[in-house]
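We begin with a single chain expressed as structure tokens, specifically the form predicted on its own.
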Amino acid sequence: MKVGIVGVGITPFRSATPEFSWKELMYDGAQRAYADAGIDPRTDVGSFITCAEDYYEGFGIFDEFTPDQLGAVLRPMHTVGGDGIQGLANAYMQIQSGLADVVVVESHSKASDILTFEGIVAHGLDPIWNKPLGGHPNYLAGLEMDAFLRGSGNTAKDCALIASANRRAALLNSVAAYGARVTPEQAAASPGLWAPLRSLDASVLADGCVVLVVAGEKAARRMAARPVWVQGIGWASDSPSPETRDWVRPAYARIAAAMAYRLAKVRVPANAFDLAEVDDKFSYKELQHLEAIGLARKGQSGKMARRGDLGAGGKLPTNVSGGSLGCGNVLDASGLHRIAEAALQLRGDAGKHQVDGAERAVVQSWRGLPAATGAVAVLGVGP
């Protein structure tokens, strides 16, 4: 059975949203998605999924607090404690197994309400080997960036190109929080954090919500929006210990991509897509992920950035939405945002940052430090 995305709702991302509670933020995103799909959630939806981390929310069993604003009162509802693409994978499986014809997937960030974000991230570190070291947990990003650049042959200047390009691309995206006319030179000269990582190499937290309506083929054909089909999807987790991971070609991305490509029958990924949305919570991560999922050979992603291949008019437009660097890091909603942006592109509804003629996209996510969990989806307007 084919499974398609038939409704997309994205709230504008902002550094802080004091005018909204997290429930109101979710309600806003849900209403946008339902209007896009032309459905009433109280009668047309069989299951609801929210992707959330209890530590970020401030209380446990989060799905007990979400039915009201999604229209899911007394309906099947559960939480995926992970990234938004993992939530989409759950929806895909529910529809394929016949449990539901239409599933709603929600994820959000109310990061401005989190008082101890650094402590939450540090709490996920190994309690024996890593956590006692103290310090800001982003030092891991500096270590991994150094290892990746040394091991792949890409350079810090290539990362500065990504930091600049994604923020500039975000100027065309109406939901982006951090679009800016940043030059590569400014990015390369921004204050140092953990060498070689600099401040403009890192995305900034933002508030926002993304909701998708997902449906089986028969139900999708009845919806208001043009379906974007999930042709393949995969997910994986690497070792929880940083000391035993591959920091050059992360296994979570490589394994998830292989799973998604197998389902989508993609044999040569470098030539298979018109568009890519990949995780860029740090600038080097975009380059690393492009290589890990087979869109660039080892050490070539930086060269692609230098040639302009990753821009809107390039060979493989990548993160033309602005990515997390330009739109903001919306935590577990980041992957769902990448999916939503790709779906709008394939529908021709991306507005000022539309890529002409895009018919097939690959989307990749990473859950963020200190995790080694990611997912990949292949989307298309065809079968």
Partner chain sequence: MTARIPRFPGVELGPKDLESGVVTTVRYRPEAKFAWSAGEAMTRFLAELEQGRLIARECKGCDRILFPPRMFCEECYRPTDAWVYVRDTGTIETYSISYLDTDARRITEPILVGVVSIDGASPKMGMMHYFGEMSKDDIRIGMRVQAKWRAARDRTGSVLDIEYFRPMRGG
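Numbering follows the first chain given and starts at 1. A quick note: this is a predicted structure, and the numbers were derived from the prediction, not measured.
Another form, the form predicted in complex with the partner chain, is not on view; read the next lines as being about it.
**Student:** Just one of 109-117, 278-286, 254-262, 148-156 has residues with a heavy atom within 4.5 Å of the partner chain in the predicted complex, so point it out.
**Tutor:** Result of the contact check: 109-117.
**Student:** I'd like to know if S47 sits close to the partner chain in the predicted complex, meaning any non-hydrogen atom pair within 4.5 angstroms.
**Tutor:** Although the partner chain is absent here, S47 would stay clear of it in the predicted complex, with no heavy atoms inside 4.5 Å.
**Student:** Using the partner position in the predicted complex, report whether D63 sits within 4.5 Å of the partner chain, counting heavy atoms only.
**Tutor:** D63: no contact with the partner chain in the predicted complex.
**Student:** Contact between G348 and the partner chain in the predicted complex at 4.5 Å, heavy atoms?
**Tutor:** Close contact is absent here: in the predicted complex, G348 is far from the partner chain, nothing within 4.5 Å, heavy atoms only.
**Student:** If you check in the predicted complex, is R42 within 4.5 Å of the partner chain, heavy atoms only?
**Tutor:** Contact with the partner chain, yes.
**Student:** Can you pick the one in G192, P127, P76, G81 that has a heavy atom within 4.5 Å of the partner chain in the predicted complex?
**Tutor:** It is P127.
**Student:** Within 4.5 Å, heavy atoms only, which of L70, A52, A358, L344 is in contact with the partner chain in the predicted complex?
**Tutor:** Selected residue: L70.
**Student:** Hey, which residues along 30-64 are within 4.5 angstroms of the partner chain in the predicted complex, non-hydrogen atoms only?
**Tutor:** Heavy-atom contacts to the partner chain in the predicted complex: A30, Q31, Y34, P41, R42, Y55, Y56, E57, G58, F59.
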